[in-house]
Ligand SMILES: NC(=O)c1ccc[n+]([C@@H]2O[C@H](COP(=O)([O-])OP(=O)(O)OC[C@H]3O[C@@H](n4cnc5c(N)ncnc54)[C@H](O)[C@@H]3O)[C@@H](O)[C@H]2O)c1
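Next up: just one chain, as structure tokens, the form predicted alone.
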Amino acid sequence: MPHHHDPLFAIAGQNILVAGGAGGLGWPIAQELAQRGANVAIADLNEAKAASCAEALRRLGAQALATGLNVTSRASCAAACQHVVAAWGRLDGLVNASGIYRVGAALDLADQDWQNSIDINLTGSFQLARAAGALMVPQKSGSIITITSVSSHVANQNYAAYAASKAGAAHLTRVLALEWAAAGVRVNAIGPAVTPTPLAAPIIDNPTTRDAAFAKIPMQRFGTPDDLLASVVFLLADGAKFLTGQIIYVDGGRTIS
């Protein structure tokens, strides 16, 4: 696969775990990292799909592996990170693109939708970052990126569960960055606006919610997975070596509207 040589964006040879790597945001990210010469571990709840994605990368000449991952399980998070170390010797980067989207009016929201949102989007982010941090802190290097959302910053009706979970993940990013900065481990997040993926289908497929979401984006378009790629690569590369504890909103201006 072709490698890119700009030293500010160089990630060739890094061992990077992409959680949710078989999904709507994670898979394009995994492909871009592989294109740039990284060794990519695709971790996903759907282990068969992860295996298929890893095989697709290997057919293109990349170093890739697959592992099952349930972010709500501390043991599963640790095992996924250890899988990378066992294969390639160390873990250099983590991109957490796993998550769920559950919305509903606060008075009507099912208790399970609330709990699942917190368990996967917030507690899962903590469990996975902690598993990666346990390896990165002793080696004195590493970059952790969590995909949060503009909903970590702006308020939308019916978003109590989703927004709370994403806001928690955003502030967790800052706390972990502070704890691990002296060890050379950087922790950042990326907050996309609405991006047409299977996760966003409840918004995109309903004309009312689609139009309302579109109207709030000053650049007058929805995001695409490709819009996130430069930020992900930058945060993993040496160009961002003095950047930690930040949430980069890739949102067409949504958070300033």
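For every residue, the number given is its place in the sequence shown, counted from 1. In this text the structure is predicted, and so the values were computed from the model without any measurement.
Although it is not shown, the form predicted in complex with the named molecule is what the next lines describe.
- When the named molecule is considered in the predicted complex, Thr197 lines it closely, a heavy atom lying within 4.5 Å.
- Proximity of Leu45 to the named molecule in the predicted complex falls within the 4.5 Å heavy atom cutoff.
- Heavy atoms of Thr148 reach within 4.5 Å of the named molecule in the predicted complex, making it an interface residue.
- Within this chain, Ala237 is remote from the site of the named molecule in the predicted complex, having no heavy atom within 4.5 Å.
- Proximity to the named molecule in the predicted complex, taken as heavy atoms within 4.5 Å, picks out 91 to 99 from the listed stretches 91 to 99, 107 to 115, 130 to 138, 173 to 181.
- For the stretch 20 to 56, the set of residues having any non-hydrogen atom within 4.5 angstroms of the named molecule in the predicted complex comprises Gly20, Ala22, Gly23, Gly24, Leu25, Gly26, Asp44, Leu45, Asn46, in sequence order.
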